[in-house]
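Below are two forms of the same protein chain, given as structure tokens: structure 1, then structure 2.
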Structure 1
């Protein structure tokens, strides 16, 4: 087995979960992963069902790792890209956009954020599905989890800081007069 095999994923997906992903068997599962990979590489941020998208995330990570390591001149890498990516223009995007973007990054190259479960959307309570947002890191879109806010300029904080300064100054003056 060559080192290009997709069996060497970072996080393995148990066989029981893989069988539940699609009804049509292995080939149908591969087609589903190919379509999700195409959407992810094209749009750089997608939303979907956690089981399929979490497994697809691992394949995306592996394809980018191989593209970084071997480049577009390597036959095995190009065969894997050709198999897993249906739209051939996306293969060029992987090598021209993602490889330079992640050249100095060790990985992972994707983020997954869980979305809240929407109760009452389905008829049956057991059909509630956990969805995630899967995105490529450093994409051009706004962050899903915003940067922490700076609360230092809010009026109450400014007043409290000034009161602390006055208290410290008075304390220093009283210590100097006591000496």
Structure 2
């Protein structure tokens, strides 16, 4: 507003990353999102095309937020759940499994990891299709990205730690004598 002008911007601003689903209109879009939501809540880890799945991610997060905040007695929440989740047993799952699981965590309840792009898998052979893995956090499967290993006890690190300690002690001593 003030003396800012786009001519002075030195930061690259990326284009919109991906467009929303528009094929078939709003109702088609809702159907697609509902089916992907159902799969996500049922299987807790699914793979699919990045555009559809990244969009349903927002819906999954929102539903869980509402479930956490209002509980299953709230009329509005239940109506939303009724609309967006096709299989009614998954509504039970949201309240009985996901809400207690994420009771103490903030922030996204889903993770999305990009998968390698495989050419030649679809009808258009040279088209690239970015797929992602969409998973609920803390699901019972083994982690996609394994926990970082602790290498502080291997011999090289032990020796380097000792060397570091000695260096620091000597530095302290020399500083003391200087003062």
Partner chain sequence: MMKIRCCLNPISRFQSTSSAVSRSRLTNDEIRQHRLRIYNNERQTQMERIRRVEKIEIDVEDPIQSTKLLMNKNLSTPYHCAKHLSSVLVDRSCLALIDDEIVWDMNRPLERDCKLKFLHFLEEKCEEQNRAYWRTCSFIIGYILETAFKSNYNVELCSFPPPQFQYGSFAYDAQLNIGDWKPTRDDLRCLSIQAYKLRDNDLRFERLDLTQSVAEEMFKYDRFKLAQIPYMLRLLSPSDNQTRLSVYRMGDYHVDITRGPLISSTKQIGRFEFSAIHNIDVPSYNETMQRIQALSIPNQLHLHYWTFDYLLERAKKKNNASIPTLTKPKTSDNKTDKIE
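Positions refer to the first chain, counted from 1. Source: prediction; values computed, not measured. Basically, rigid core = biggest C-alpha set you can superpose within 1.5 Å across the two forms.
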* Asked: Between the first and the second structure, which is the form predicted together with the partner chain?
  -> 2
* Hinge residue among 83, 88, 106, 147, where one rigid part swings against the other between the two structures -> 147
* Measure the rotation of the smaller rigid part relative to the larger between the two structures and give it in whole degrees. => 28
* To do: Could the core-superposed CA displacement of residue 154 between the two structures be given in angstrom, to one decimal?
  => 7.0
